[in-house]
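Below you will find one chain, with nothing else, as structure tokens; this is the form predicted on its own, and questions on how it binds or moves follow later.
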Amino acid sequence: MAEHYDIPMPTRDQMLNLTPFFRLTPGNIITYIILAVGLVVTVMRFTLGIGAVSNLDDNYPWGIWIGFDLLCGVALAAGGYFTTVACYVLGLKRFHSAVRPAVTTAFLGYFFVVVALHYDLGHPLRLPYAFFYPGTTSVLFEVGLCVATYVTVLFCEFSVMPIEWLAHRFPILRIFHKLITKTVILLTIFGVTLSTLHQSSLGSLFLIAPGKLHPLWYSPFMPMFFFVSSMAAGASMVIFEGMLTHKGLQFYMDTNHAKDSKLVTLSFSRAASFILMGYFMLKLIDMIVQNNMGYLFSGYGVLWLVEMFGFVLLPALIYAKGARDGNEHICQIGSIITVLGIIFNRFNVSIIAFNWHLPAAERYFPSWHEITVSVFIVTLIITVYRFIVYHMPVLYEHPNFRHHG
């Protein structure tokens, strides 16, 4: 039997543990301020309209809410499918401790991507129209359908945690727990299939803009680039989340999770190193084949070189060295650089290198309202994640459900 720390688990008589949220720590105070300002801007957005809070126009109908909240959010939530495939499909059970944190983050990431999408839609109440009046030849319809279905799959995978939390009060939930644990492999296969489709299709959205997107980023292989980079993002987010969790939530972690963290970090670093190196070579070959080397001697060329060498090749080498030397801290540095690189790439594709022919005066820059909403969404994700970890067996095995999957 695994040895456990003294984890403050909820009991039948005390289901909620809200004390950490009411402590006047600097982190909590900053969180409350961001949430308060974000709520005010949210009210402005949905009462005054999208034009009152954004700098979007006909040239830039997609801004930071798509570039960051959607494109980055979906890519950085890829740790869910990456980890479950490794554990349940490939049979690498040594990564089992990383599954629940990865699934939790993935579910929250996708759920709040949908929440953030409501801010970007001119008529947010019409979001379900896509399913009642489907445009089956549209890539955007395929993205919407896959994301909606995958959120449902992630909810099913995630639901075992709230079930184990609430089973004290509602024993009937154990029936659903058994059902979900028996179908975990099916859910995993379904989930990775959907992820393959929509991660790549997000790149396909930009295939219709060859004249607007800079040639260094535009490619007929953009769907493949988006999918491959999402795998690197998934592995890196698992490492990055593990680093943050061990610093701030170690009291909610059992010895198995603490003991396996280095193994997960080093193994995922090896995988990320190979993926990033492959991605670097693919992008380099694509740039040469499309005869875009001349663009390297321009401002956009500098951006492309910084992205490829500073945020792809560099972390690939850092991961390789860290994994070879067994140095967990070096691997964590690699994860930070990779996560920043994913954000930089998605910003380049959707905003910076988009409409590159336009003069500077007509270029898009997000309003403070748009930036506030994005920070608000990220803060909500962190706050909800804290609530889940404080109450549900994410970082430990519940003693009443041990060995149930």
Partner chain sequence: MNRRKFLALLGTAGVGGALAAPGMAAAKAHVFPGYENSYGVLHDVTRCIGCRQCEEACNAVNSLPQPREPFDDLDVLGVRRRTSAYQWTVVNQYTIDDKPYFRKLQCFHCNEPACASACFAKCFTKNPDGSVTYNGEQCVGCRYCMIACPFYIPGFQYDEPFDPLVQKCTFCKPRLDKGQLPGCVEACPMDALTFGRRSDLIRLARKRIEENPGRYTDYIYGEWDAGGTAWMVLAPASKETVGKSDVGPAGATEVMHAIGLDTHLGSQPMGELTYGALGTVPLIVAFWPILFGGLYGISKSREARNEMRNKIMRAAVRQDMAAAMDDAVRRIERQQGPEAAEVARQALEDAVEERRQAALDASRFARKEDH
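Positions refer to the first chain, counted from 1. This is a predicted model, so every value here is computed, not measured.
Below: the form predicted together with its partner chain, not depicted.
In the predicted complex, its partner chain lies farther than 4.5 Å from every heavy atom of residue 297.
Proximity of residue 137 to its partner chain in the predicted complex: non-hydrogen atoms within 4.5 Å are present. Interface residue remark: residue 329 is not counted as part of the site for its partner chain in the predicted complex, having no heavy atom within 4.5 Å. Not displayed here, its partner chain is approached by residue 50 to within 4.5 Å at the level of heavy atoms in the predicted complex. Shown alone, this chain has one stretch from 157-165, 236-244, 100-108, 197-205 that lies within 4.5 Å of its partner chain in the predicted complex by heavy atoms: 197-205. Proximity to its partner chain in the predicted complex, taken as a non-hydrogen atom within 4.5 angstroms, holds for one residue of 88, 225, 304, 252, which is 88. Shown without its partner, this chain lists 292, 256, 183, 149 as candidates; in the predicted complex, only 256 has a non-hydrogen atom within 4.5 angstroms of its partner chain. Residues of 96-111 placing a heavy atom within 4.5 Å of its partner chain in the predicted complex: 96 alone.
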